[in-house]
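Take a look at this one chain, the form predicted alone, written out in structure tokens.
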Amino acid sequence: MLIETLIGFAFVAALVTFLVPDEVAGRVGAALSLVPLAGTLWMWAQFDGSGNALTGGQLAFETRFDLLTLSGYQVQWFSGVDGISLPLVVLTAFLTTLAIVSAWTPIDSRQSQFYGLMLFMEANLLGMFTALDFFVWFVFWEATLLPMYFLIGVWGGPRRKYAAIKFFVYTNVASLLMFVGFIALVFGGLGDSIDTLSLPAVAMALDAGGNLGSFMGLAPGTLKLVAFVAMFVGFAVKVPVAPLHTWLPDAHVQAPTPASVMLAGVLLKMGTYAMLRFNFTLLPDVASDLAIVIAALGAFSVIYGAILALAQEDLKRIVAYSSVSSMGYVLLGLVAFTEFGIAGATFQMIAHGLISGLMFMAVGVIYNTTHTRMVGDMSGLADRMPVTVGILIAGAFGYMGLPLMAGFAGEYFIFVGAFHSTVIPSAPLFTAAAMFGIVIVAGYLLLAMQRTLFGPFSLDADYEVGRAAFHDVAPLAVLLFAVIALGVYPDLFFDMILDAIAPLVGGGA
């Protein structure tokens, strides 16, 4: 019961951190977060799973027992990891520790509550990525909203309450829509042919085909379409996919830096992970029928997000809109329905989690010193903060897809998979459109760096600008190392991802 131990420990760690004095809360939270990190790294080292969790694959670290009966359906504690979920579990624990350390400088009030919420969020994220019973999964899914709401609403910027409420309303309504779609599919469509909410059992019943009945006057085919769209839109808000992205910039700009790191690095991946598990695994035939629409949304998100980033003057907004663009690549890879497309999309979730975390953290370090994020308010920071600036530049090049960095590997896999897709009509055109987004990304990042980091030093405020503290720079250096390590040797995760993806595409290339 290693997974349960790690989740339980994270909950207990959150409670302990809530109770310790503020003066030591940051150090206690960081120390306690090392236990889940060590546990997930051990899981990675000992991973012996094979195949896909929803298609009869061999799970690693599986635990399963009955909890209760709900309207005739057996609810189970059913947890385990495959090659898709394990990298996201490792990413969650890794970023949580680094985000907590990065909070030592900017968080100067209610520290025990802040770090307790960070650990509480980690516990729910670990549960969400490992749960394989829908009811338990949905509880963890919803529980992640609460700590992020408070992290934004209490420790955020001047418009924090507006941003927190907007975040909560958007994502909660999206969750309701997704929930209705899944329940209609299972309770209405599958009906008495299934007596459990286990996701592998649901996948098996849907794959059998003949078990699906009509519901509320909807024929089986129409019911599957309606359920797919409801779940897809619900998850698309979480990703977010343009034009459902409007909550994200406000949330990022108002959130404290550590919360932005977790929001971009992990919480956005909840949406794409759920899309892969629910839409593209449970209902692949509907996904294939809607492939051109989904591919168009992916390409649109890439271009539109990049253009919006190009128009921003706030460094945090630039990185926030970059996330919309980057997640468009993930959507394109998922709908390609090739091994390299879906595996590349999964790998890109990890790569983007690391790079976006690095970028938000670096912008946060600059803000801690200059007290501004506006591009026009500063220049010449490279002379005053050479290490921070150097890491920020490296992260920006990772965003641009520089070879030997994780972003390049993820985008390359996606482009190869999407180009050879037989599911997307005119796949090379959609791939080319998405690739053009890299040009726009390079444009806005290079322009922002040129204006803020180089030239003669100036700052429209009376603050002393110097080198950042070691505990501010250390998380940046660790993240940069991880980005380069995954770029140089993608098989740290890519082999296990490919193994879990193969059953979804019949082993095709």
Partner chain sequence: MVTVPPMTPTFLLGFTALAVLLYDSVWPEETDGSVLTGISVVGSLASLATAGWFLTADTGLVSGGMSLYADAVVVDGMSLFFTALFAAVTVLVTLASYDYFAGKGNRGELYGLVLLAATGMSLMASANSLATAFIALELASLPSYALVAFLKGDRGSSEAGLKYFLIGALSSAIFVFGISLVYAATGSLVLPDVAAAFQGGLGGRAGVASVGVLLIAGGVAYKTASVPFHFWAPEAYEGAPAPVSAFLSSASKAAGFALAFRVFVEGFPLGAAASAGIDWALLFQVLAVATMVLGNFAAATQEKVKRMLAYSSIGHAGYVLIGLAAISAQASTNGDVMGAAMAHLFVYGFMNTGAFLFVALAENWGVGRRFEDYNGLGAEKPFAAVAMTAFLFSLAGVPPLGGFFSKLFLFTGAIDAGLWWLVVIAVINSSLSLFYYSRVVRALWFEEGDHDLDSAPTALYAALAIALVGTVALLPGFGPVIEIAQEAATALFA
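Note that the coordinates shown come from a computational prediction; the quantities given were computed from them, not determined experimentally. Numbering follows the first chain given and starts at 1.
We do not show the form predicted in complex with its partner chain, though everything after this point is about it.
S.K.: Would you kindly say which of G153, G380, P106, G221 lies with a heavy atom within 4.5 Å of its partner chain in the predicted bound form?
M.R.: Flagged contact: G153.
S.K.: Between the options I165, A433, V375, L310, which residue brings a heavy atom to within 4.5 Å of its partner chain in the predicted bound form?
M.R.: None of the other options qualify; the answer is I165.
S.K.: I'd like to know whether Y149 contacts its partner chain in the predicted bound form, with contact meaning heavy atoms within 4.5 angstroms.
M.R.: Looking in the predicted bound form, residue contacts with its partner chain include Y149, since a heavy atom lies within 4.5 Å.
S.K.: Answer yes if any heavy atom of D207 is within 4.5 Å of a heavy atom of its partner chain in the predicted bound form; otherwise answer no.
M.R.: Contact with its partner chain, no.
S.K.: Examine F135 and determine whether its closest non-hydrogen atom to its partner chain in the predicted bound form is within 4.5 angstroms.
M.R.: Residue-level check for F135: yes, a contact with its partner chain.
S.K.: Heavy atoms within 4.5 Å of its partner chain in the predicted bound form: does F18 have any?
M.R.: Yes, F18 sits close enough to its partner chain in the predicted bound form that at least one of its heavy atoms falls within 4.5 Å.
S.K.: Determine which one of 340-348, 251-259, 69-77, 318-326 lies within 4.5 Å of its partner chain in the predicted bound form, judging by heavy atom distances; exactly one does.
M.R.: Only one stretch passes the 4.5 Å heavy-atom test: 69-77.
S.K.: Looking in the predicted bound form, is its partner chain within 4.5 Å of a heavy atom from each of L212, H245 and F280?
M.R.: Spot residues vs its partner chain: no contact at all.
S.K.: Within 158-193, which residues come within 4.5 Å of its partner chain in the predicted bound form, counting heavy atoms only?
M.R.: Heavy-atom contacts to its partner chain in the predicted bound form: R160, K161, A164, I165, F168, N172, L176, F179, F187.
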